[in-house]
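The chain below stands alone, shown as C-alpha cells; this is the form predicted on its own.
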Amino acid sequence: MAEQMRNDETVIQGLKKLYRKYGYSQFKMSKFEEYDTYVQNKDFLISDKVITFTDTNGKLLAMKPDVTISIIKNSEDSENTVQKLYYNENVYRVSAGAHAFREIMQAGLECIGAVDTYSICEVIMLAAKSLGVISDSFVLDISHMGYVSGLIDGAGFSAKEKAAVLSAIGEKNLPQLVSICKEKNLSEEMTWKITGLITVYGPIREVANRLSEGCVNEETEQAAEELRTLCEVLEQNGLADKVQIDFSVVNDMNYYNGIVFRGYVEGIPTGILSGGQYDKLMEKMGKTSKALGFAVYLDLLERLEEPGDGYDVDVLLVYDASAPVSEVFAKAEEITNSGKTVLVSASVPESLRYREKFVWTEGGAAK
C-alpha cells in the first residue's frame, strides 16, 4: 500500500507539472457545495448518489461528487478569453467496485470560455500526455458527438430512434444498428454511413481522412475537419500512434456536443481518463461560453500491479529490549546511506518480504 501511495503521489506531481507547463492555473474549491448545484444535473454525474447534510443556516449542502460542475458554477462567463484551470481534488461518490461511498482523488483540467480548435487540440494532447505520465502503455479513444449527431439527424431519426441508435453504437451492436436502419427504410448508402459509426475504427491517422466519405451535412463536415486538424497536431507531438478514433465512445447528447474521449492504460480494465466538450452543460447552467476538459480517476491506480521485485524492504533490522537505541539508529542510518531501504522493528512483521535480516542486541548485530 505504501508503494502504491508513492506511485499515486508521483502521478499527481507529474500531472501538476504537465498542466502548469501549458499555462493552466490550479483551481481550489471547498469540500461542500449547495445540493441544488448537483441535483439539477444528476445525469451528468458518474453516480447520482450524493452525500448531503443540513448546514447551520438550514441550507442543504453536499459533499462534492464532481469537480466540473463546481468549476462551471464558479467560473466567469467570457466569450473573448479562455480560462485554463487544473485541479487535484477529493470527490465523494459511490465506488464501482465497493458499492459504497469513498473519498476519491481526482485530477484533471478544464478549458472554459472562447474555446476554439487550438484549445480543443491542446486539451486532447494533454489528455494523451496525462496517460503517458501514468504508463507508457496507453491508448486514447476519441469520438465526435457532432459527427455522430450530424449523421443521425441526416438520417431523419426520431428522438426515440436516436436513443436506440446511440445505444447500438455504444454497444458496438452492428446487427441491431442494421435492423434499425432497415426499419427506417434508409437507403443502402445512408445505412452504410450510419453503420460506419461502428465499423470505422482505428488509429487516427488511418481514419481521419476517410471521414469525409460519410459526411451528409455541414455538421459532419465540420466535425471531420476538426478531427483531421487534431490528427496533424498529434502527429507533430509524436502521439498519433496512441490515439484511435472510436465512435462507440458516446456521451449524453444533452450535455456533450463535440469531441469526447476515454483513456486506458495497460493493467486497468476500465477507462482511467474521461472527458469531452460540454457546451450544452454550460448552457443548462446559464452560461453562454464553451468548455471542454477531462478527469483522471486516480483511485483506479490501485488496480495497477505494484512495481518492484517482490520485496517490501531490502533490510529488516530487528532489535530487542537490551539494544542501545543510539546503536540501532546508527545501524539504520548506515543501511540507508548505502542506498538500501530498511524497516526497524522490535519483532518480525507478518508477511513482510525482505532481502536480509539483522538482529540487534546489546552485543551488536547478527544476521
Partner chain sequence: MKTVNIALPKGRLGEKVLKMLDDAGFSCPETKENDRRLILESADGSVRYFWVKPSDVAIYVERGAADIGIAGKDILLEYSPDVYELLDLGIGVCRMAVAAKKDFRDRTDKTLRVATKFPHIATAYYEKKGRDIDIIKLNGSIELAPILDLSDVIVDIVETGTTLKENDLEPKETIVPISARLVANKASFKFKNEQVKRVMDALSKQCAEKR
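Numbering follows the first chain given and starts at 1. Keep in mind that what you see is a predicted model, and the values were worked out from it rather than measured.
There is another form of the same protein, the form predicted together with the partner chain; it is not shown, and what comes next is about it.
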* Pick the stretch from 182-190, 266-274, 221-229, 118-126 whose residues have a heavy atom within 4.5 Å of the partner chain in the predicted complex. => 266-274
* Check whether S137 has any heavy atom within 4.5 Å of a heavy atom of the partner chain in the predicted complex, and answer yes or no. => yes
* Contact flag, E213 vs the partner chain in the predicted complex, heavy atom cut 4.5 Å -> no
* Does the partner chain get within 4.5 angstroms of any non-hydrogen atom of G196 in the predicted complex? -> no
* Asked: Using 4.5 Å between non-hydrogen atoms, is N173 touching the partner chain in the predicted complex?
  -> yes
* Structure fact -> The listed residue (N88, S149, S248, S78) that reaches within 4.5 Å of the partner chain in the predicted complex by any heavy atom is S248
* Asked: Of these, D279, D141, D153, E161, which has a heavy atom no more than 4.5 Å from the partner chain in the predicted complex?
  -> D141
* Asked: Taking heavy atoms and a 4.5 Å limit, what residues of 201-216 are near the partner chain in the predicted complex?
  -> Y201
